[in-house]
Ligand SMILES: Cc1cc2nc3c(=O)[nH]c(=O)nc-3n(C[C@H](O)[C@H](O)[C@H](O)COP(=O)(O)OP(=O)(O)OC[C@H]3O[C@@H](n4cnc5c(N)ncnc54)[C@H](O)[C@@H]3O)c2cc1C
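First, one chain by itself: the form predicted on its own, in structure tokens.
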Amino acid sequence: MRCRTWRSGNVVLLGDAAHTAHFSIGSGTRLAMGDAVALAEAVRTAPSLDEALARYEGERFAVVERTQAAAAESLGWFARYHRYAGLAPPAFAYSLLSRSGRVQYDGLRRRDPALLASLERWYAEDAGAPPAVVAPPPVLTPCGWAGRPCPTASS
């Protein structure tokens, strides 16, 4: 849900009353709390109520837009679930974790280096690479090991 404005006179909407995002990214409470903090800060620092409400909307619209875009990506992933259902469990897990675009390869490395290392090891072994203590990242894993053809731009 999207509203053109989140206020009318001195009545202000926040959280799900003003905007929603698909539940699959778990953003509802975080957005509502962020709205409340931004509204309180704007009212505390702005010279007038009208300016405070305009500041609140201006600050939060961009945050909500980014969150709604990520939620739309996540919703799309679930709508196309059948495309990913046949993946090997490690590939499926990575696809699920990165579905919204908010968690990507480098972010996963910061958040859970052990998980990413296990994904890299799996990918390299699945590609037929010789076992290694530290596997190369997928982009540096040579294709064509174990007699597998390299993917082409058309595949």
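In this text the structure is predicted, and so the values were computed from the model without any measurement. Quick note: we count residues from 1 along the sequence shown, nothing fancier.
One more form of this protein exists, namely the form predicted together with the ligand; it is left out here, but the text below deals with it.
Contact between R30 and the ligand in the predicted bound form is found at the 4.5 Å heavy atom cutoff.
Although the partner is absent here, L14 sits close enough that one of its heavy atoms falls within 4.5 Å of the ligand in the predicted bound form. When contacts are judged by a 4.5 Å heavy atom cut-off, G58 does not count as touching the ligand in the predicted bound form.
In the predicted bound form, G101 stays away from the ligand, with no heavy atom inside 4.5 Å. Between the options G128, P113, G107, G26, the residue in contact with the ligand in the predicted bound form by a heavy atom within 4.5 angstroms is G26. Judged by heavy atoms within 4.5 Å of the ligand in the predicted bound form, the contact stretch among the candidates 30-38, 49-57, 82-90, 64-72 is 30-38.
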